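As structure tokens, one chain now follows by itself in the form predicted alone.
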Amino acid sequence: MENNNENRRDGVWGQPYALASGQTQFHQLGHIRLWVTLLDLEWQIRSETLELDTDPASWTETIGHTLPAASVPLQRFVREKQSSAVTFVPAVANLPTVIRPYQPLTIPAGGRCTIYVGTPVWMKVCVGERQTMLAEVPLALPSLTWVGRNTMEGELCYSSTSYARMVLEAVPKRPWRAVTPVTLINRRSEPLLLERFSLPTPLLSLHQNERGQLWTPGVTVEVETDMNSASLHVDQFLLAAAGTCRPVADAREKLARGRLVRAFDRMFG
């Protein structure tokens, strides 16, 4: 399997690509390789997950006639109304994401801080003018964890380690991860040790700035007395440092009161 390096370009979110029948568009993004093929009567999608030691920083795509080995799984979809355009739309994780700092962070009594966390996004493969979704592919395979008081009360979440950086300039900006500023406020009379917390990723919308970076609105977590009293607020606006952004995806879930109450109880695991 080879792809022509001369035609390789940077991939772009939300941009329709036109294919001719018989052509395949190849993407390498995050931890996946993806092939989208247009035929006279159908769309075909193939993808494989890569085991990488380091996180890739680029997104490249080529259009040609090269297909992967037959061992790569194939999905087929009926082509409707002779649509020939394919668009790639990002989406946040469909479950809350438990962030685990590599090194726990202590917030003094009455203190506050903002950390910046990056979470992997999913790629929606959409076709036609109405952008009908054919498939949704995670750009990095997250591990799963259970957050709750016991094995009966709680919810399934993704787990993600983080450097919990407090300097925005030090945060790597990758086209397959979204940056979320998280402000933590400790109103207690004793220090708060942050070992992990649950970020409600399905409640966050996605926005792209002029440099192609993905951002979500900021999240503020405020602890009044104990862990179970934590409150959560999703900002209405993006961080000014994100620059000029355009919305590229709505939140998966609306911010409902019932959802927030559960999030409060399980914020810190």
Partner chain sequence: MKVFTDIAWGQWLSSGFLLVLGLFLGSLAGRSVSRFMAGRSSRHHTVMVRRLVFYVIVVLFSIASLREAGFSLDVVLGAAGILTVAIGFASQTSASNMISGLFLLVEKPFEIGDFIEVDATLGEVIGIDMLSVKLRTADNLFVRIPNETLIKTRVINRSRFPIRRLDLMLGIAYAEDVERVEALLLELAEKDPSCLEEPKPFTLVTAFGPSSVDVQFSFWVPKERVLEGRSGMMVAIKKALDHAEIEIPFPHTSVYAGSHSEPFRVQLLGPGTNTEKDLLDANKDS
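Positions refer to the first chain, counted from 1. The shown structure was predicted, so the numbers you read here are calculated from the model rather than taken from an experiment.
There is another form of this protein, the form predicted in complex with its partner chain, and it is not shown here; the text below is about that form.
For the candidate set Q82, S143, Q103, S71, a heavy atom within 4.5 Å of its partner chain in the model of the complex is found for exactly one residue, namely S143. Residue-level contacts in the model of the complex: of T183, S159, Q75, N94, one residue has a heavy atom within 4.5 Å of its partner chain, and it is S159. In the model of the complex, its partner chain sits within 4.5 Å of a heavy atom of T151. Residue contact with its partner chain in the model of the complex: R188 places no heavy atom within 4.5 Å of it. With a 4.5 Å cutoff on heavy atoms, R196 counts as touching its partner chain in the model of the complex. The chain is drawn here without its partner chain; in the model of the complex, the stretch among 135-143, 84-92, 170-178, 104-112 whose residues come within 4.5 Å of it by any heavy atom is 135-143.
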